[in-house]
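In the block that follows, a single chain appears as structure tokens, in the form predicted on its own.
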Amino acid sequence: MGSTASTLSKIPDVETLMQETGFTPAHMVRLYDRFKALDKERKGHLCPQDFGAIKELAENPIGDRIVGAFFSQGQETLDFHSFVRILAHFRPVDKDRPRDPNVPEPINSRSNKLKFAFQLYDQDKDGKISRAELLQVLRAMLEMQVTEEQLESIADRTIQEADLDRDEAISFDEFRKSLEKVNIDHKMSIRFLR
């Protein structure tokens, strides 16, 4: 591994990317090295299959949904800049960073973290989480720990509690409201350098 400056010089528009994502030069070097390690064939981009090398994703019951969230609909590859922007959702919020109203909301804001989490459920991308979509996630996460009847009861209760407009689905706004008291920053943050 080369020096930080040497590695950063290989990344086009690295300053803009750091400003956009909030990652430090040390983070960028680590993420660049991780990207290169996943890109075993040196293609300069990642495919969904490249993420299979990440043990935590391979073992995660919704790992395929998480990997899918890295790729826009119809997109089959992911370049380094897109890789970093997605991972920025998991960067802890910088509470000391002043909020400039002329600058877009940070990628790692509470709202953007919730939008990312919402898309893990909303697989058909219609802007709503249906009972069937919720059941798919619950089945994957809980597997053999509960019966199908219990899963259906959990899904029904969740829809009933979150569905404020009674359309039998959960919109993003309803999803956001149902998670108002949840510390989403804690639940959706990865410490990138320890």
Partner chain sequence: MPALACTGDRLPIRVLGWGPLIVVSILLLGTVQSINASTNGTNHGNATGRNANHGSHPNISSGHHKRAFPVLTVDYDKVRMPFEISVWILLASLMKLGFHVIPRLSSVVPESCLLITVGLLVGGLIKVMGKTPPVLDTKLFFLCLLPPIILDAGYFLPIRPFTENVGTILVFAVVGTLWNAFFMGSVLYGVCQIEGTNLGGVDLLACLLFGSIVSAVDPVAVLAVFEEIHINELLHILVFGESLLNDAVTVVLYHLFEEFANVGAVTPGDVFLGVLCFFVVAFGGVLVGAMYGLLSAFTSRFTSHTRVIEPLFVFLYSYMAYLSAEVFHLSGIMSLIACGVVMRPYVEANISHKSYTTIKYFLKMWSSVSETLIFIFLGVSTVVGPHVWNWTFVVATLLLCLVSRVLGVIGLTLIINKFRIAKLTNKDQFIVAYGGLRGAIAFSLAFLLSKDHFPMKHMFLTAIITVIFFTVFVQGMTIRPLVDLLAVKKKKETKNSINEEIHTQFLDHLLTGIEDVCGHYGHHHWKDKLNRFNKKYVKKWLIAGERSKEPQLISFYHKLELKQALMLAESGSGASLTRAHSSTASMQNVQPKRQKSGRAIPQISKYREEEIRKILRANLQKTRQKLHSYNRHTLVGEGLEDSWSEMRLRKQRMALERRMSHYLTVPAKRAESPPMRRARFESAGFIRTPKPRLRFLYWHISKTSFNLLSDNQVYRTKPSPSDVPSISVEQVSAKPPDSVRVLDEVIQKAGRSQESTHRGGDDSPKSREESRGGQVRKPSVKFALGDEDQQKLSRCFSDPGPNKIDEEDEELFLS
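Numbering follows the first chain given and starts at 1. Everything quoted here is computed from the prediction, not taken from an experiment. In this text, rigid core is short for the largest set of C-alphas that superpose within 1.5 Å between two forms.
From this point on, the text means the form predicted together with its partner chain, which you will not see here.
**Q** Run the contact test on Asp13, Ala26 and Arg42 with a 4.5 Å heavy atom cut-off to its partner chain in the predicted bound form and return yes or no.
**A** So, no: the whole triplet misses its partner chain.
**Q** Taking heavy atoms and a 4.5 Å cut-off, does Arg157 contact its partner chain in the predicted bound form?
**A** It does: once its partner chain is placed as it appears in the predicted bound form, Arg157 has a heavy atom within 4.5 Å of it.
**Q** Using a 4.5 Å heavy atom cut-off, state whether Phe51 contacts its partner chain in the predicted bound form.
**A** Yes, Phe51 is a contact residue.
**Q** I'd like to check something about Ala5: if you look in the predicted bound form, is any of its heavy atoms closer than or equal to 4.5 Å to a heavy atom of its partner chain?
**A** Outside the cut-off, so no.
**Q** Taking 4.5 angstroms as the cut-off for heavy atoms, does Phe175 touch its partner chain in the predicted bound form?
**A** The answer is yes: Phe175 has a heavy atom within 4.5 Å of its partner chain.
**Q** Which of the residues spanning 45-66 lie within 4.5 Å of its partner chain in the predicted bound form, based on heavy atoms?
**A** Result: Phe51, Ile54, Glu56, Leu57, Glu59, Asn60, Pro61, Ile62, Ile66.
**Q** Could you check, with the core superposed, whether the Cα atom of Ala26 shifts 2 Å or more between the shown form and the other one?
**A** Shift of 2 Å or more: no.
**Q** Please determine whether the C-alpha atom of Glu56 is displaced by 2 Å or more between the shown form and the other one following superposition on the rigid core.
**A** Yes; Glu56 is a residue whose C-alpha shifts (by 2 Å or more) between the shown form and the other one when the cores are overlaid.
**Q** Cα of Gln150 displaced 2 Å or more between the shown form and the other one, core superposed?
**A** Result for Gln150: yes, a 2 Å-plus shift.
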